[in-house]
Structure formats: C-alpha cells, structure tokens
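Presented below, as structure tokens, is a lone chain in the form predicted on its own.
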Amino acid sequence: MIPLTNAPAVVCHAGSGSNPANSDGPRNACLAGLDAIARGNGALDAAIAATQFLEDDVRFNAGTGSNLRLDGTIQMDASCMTSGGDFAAVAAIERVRNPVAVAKRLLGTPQIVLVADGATAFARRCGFADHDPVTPAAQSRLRKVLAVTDTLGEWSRSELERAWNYDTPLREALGCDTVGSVAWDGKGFASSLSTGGTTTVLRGRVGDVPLPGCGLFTGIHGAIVATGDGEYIARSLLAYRAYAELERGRSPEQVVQWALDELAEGVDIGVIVMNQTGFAGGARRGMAWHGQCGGA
C-alpha cells in the first residue's frame, strides 16, 4: 500500500489481463487526472480525464480499441460515481469516442442509466460526434477467435481455453478487460469505469460496469474499482461489499486481498482501492496499473 497525504491522488488500471509492461498507459492516465485537479477541477473530473486517456489508448479494451463482438460490432459500457453518492452509467452504447464522458453528462439528469440506442441518442443530443472505435488490432483478435470453430458462441470460456490452438495466447486474442480510475482531490473521492466488453457474448450484453455497486462503488470512506469476469463481479456486488470492508477499517491492501479471495479460483478478477490512508491494487492474472500523488 502507498500512503496518501492531503495532496490529490489518482490510481488507474488498464484491465484485468492487461500486460503489466504497458503500465505506461495507466501512469500517463494518472498524470492526466492530476492535471485536471491542478487546473482547479475536482475528483470526478480527474477520474473522468484519466479514464478517457485509457479509452483513447488502443492497447486497452475501452473506447477506441474496444473488443469486437461476434457480429463485428462494438457496444461499450461506462460509469462514474462520487463520494456524495452521485452515479450515472451508459450501457451498450455505440459509435462514441469516450463513453465515460457520456456517463458524466448523464449525472446532470434525473436518470442514472441509459442503454443502447437511447444512450447513443443522448450522446448525440449532448454534442458527442459519431466515432467508429474499430481498430485493426480488434479486427485481428476477432478473426482469431472466429477461426476456432463455427459454433464458438456455444463454447464456455474454459472450453475455448482448452481447445485454443494458436501461438497467440487466448487472453491476448480476446483482449484485456475494463479500464478504470479512482481519484482523491483532498476533499472527496470519485471513480469511473469503461469497457468494450468481451467477444464471446450476446449482442446487448451488459456486464458489471454500469451496475452500481458491482464494478465500482464510491463513498466518504473511499473508492473501489473492479475488473475481470463481469457476470461474476455483478452477481457478487463485489465493489459495494469491498467498500463495506473499507468502512470496517480494513486497509486498501487488505481490501484488495479480500476481493481477490472472494470469488471462485477460476474467476478473473482485478481491483484498485483507495481511501484516505493510501491506495493499492492487484489482480489474479496480471494487470497494468499505477497510482500517483500530486507532486510525486
């Protein structure tokens, strides 16, 4: 665990399964968040700026660089939350560059979640331009997955892993997971998440990211952001329950370990945690992440 001072701090991850060698992405995202605070903005703007930076990094599965689903389309989820209890999310949104920025705009409305064409229409109404997030790398990953079998959609993840017959590891072919950020501005916390989802799911699938208390949770005691197998994270309300561990007095490092131990051994999981004593992060199968205090 790295202790905090009264100075602002930002912690970012590039998704469970992301290559730790790509930690320059989260590190630069942290700097983007800290720069937002230095310019007079609060924790929410810092968390959004950091996650937008990761959405624009084509190495990671969010925004531009998102995974293509089996039909070749991209649907993205994003969310944000503040220690004041404000929450907003978009799910299965299409053709926007920064879904997390759309989620932030939703905070100014009575709604907390918009989905699919409704989310996309809201983005257009707010002035977000049409943007095609498809990249050659995402197309290549999809081709590798589709080449395994004509009935891939009926395979479980474990079955696919056992049958995988490419030199490129399955995890690399499928891409990494959700990106996320937590921030502290000296007064309050905020968190944000964004994901391009996974390839081998049904169109319209919604994971843990846009569900409050599942992929993220933020309150006066700190902020939690999770990444990994979204259905398992959602069913366990992992972020909310991890936050409760912070309330009980566990350190961020202890909460990270609690979260990693909470789900079944075969479930992919990563988490970053922050409170006023410090921050920590960890994952079962590797994760590029970084945390930084202002002035450090």
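So that there is no doubt, residue numbering starts at 1 and follows the sequence shown. All figures in this text were calculated on a predicted structure; none of them were measured in a lab.
The same protein has a further form, the form predicted in complex with a small molecule, not shown here; the description that follows concerns it.
With the small molecule left out of view, the stretch that reaches within 4.5 Å of it through heavy atoms in the predicted bound form is, among 225-233, 253-261, 34-42, 47-55, 225-233.
The small molecule is not shown here, and in the predicted bound form it never comes within 4.5 Å of any heavy atom of S192. Using a 4.5 angstroms limit between non-hydrogen atoms, G219 is distant from the small molecule in the predicted bound form. In the predicted bound form, the small molecule sits within 4.5 Å of a heavy atom belonging to G207. Contact between T178 and the small molecule in the predicted bound form is found at the 4.5 Å heavy atom cutoff.
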